[in-house]
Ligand code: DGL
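Next comes just one chain, in structure tokens: the form predicted on its own.
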């Protein structure tokens, strides 16, 4: 199947977190049109079953394919953990499927072999042990410390960022004994780059903080280039869809992209 290079890139997440990945892709590939779907009706994915996550991811991927997308980016760590292989089986013969975990694993595992690495994410992502397992496969000498930080994504979705409440919650999690002595920290949720500055402030420059957005954007660039799917010029505006409208999603999207946006409430589960 021949895929036109001027088709859009599809991106999805449970909510606003994937916007961090979308913005990084837009910055690195300004000639590409993006179509983003935020499944705000089901956020957060972190406490959903594998079956539910696969069902949501399949439905959204079909929506993005119907919109003519030439690639699908799973901009959610939980969906990347539980639905990536399912989506590969369903759609890889049609378009490339890119998750947000493997590029980060490759990036971190390519650093110092003898280091203590912390990983924070949703209950689903941490419970899957996917980061620790894949990091040890790549670099067996790494000391991995994982911690589920279940309140962070809902906190961010509710707009509690750069305030006393979010500082308190972040401090409570990062002071957990399981993260004592880490030299680097992986933000294993695409929501977390929104509070990266607060996390870095807590560590006062003593811990290197890795977030997926720019790393994944570079991986998308490489894969599209290898498939000769890079567009030459942006011809249409980015489009954003949500399964349940929230004012904070629209506000955050406008802040991220610094322009008026086309945000459409698309009740995908009613169709």
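Just so it is clear, the model here is predicted, and its values are computed rather than measured. Positions refer to the first chain, counted from 1.
Beyond the structure shown, there is the form predicted in complex with D-glutamic acid, which is absent from this document and is the topic of what follows.
Residue in contact with D-glutamic acid in the predicted complex (any heavy atom within 4.5 Å), chosen from 189, 119, 73, 83: 189.
Annotated contact segment (heavy atom within 4.5 Å of D-glutamic acid in the predicted complex): 74-82, selected among 74-82, 88-96, 177-185, 139-147.
Contact check for residue 45: a heavy atom falls within 4.5 Å of D-glutamic acid in the predicted complex. Using a 4.5 angstroms limit between non-hydrogen atoms, residue 104 is distant from D-glutamic acid in the predicted complex.
Along 151-170, one residue reaches a heavy atom to within 4.5 Å of D-glutamic acid in the predicted complex: 153.
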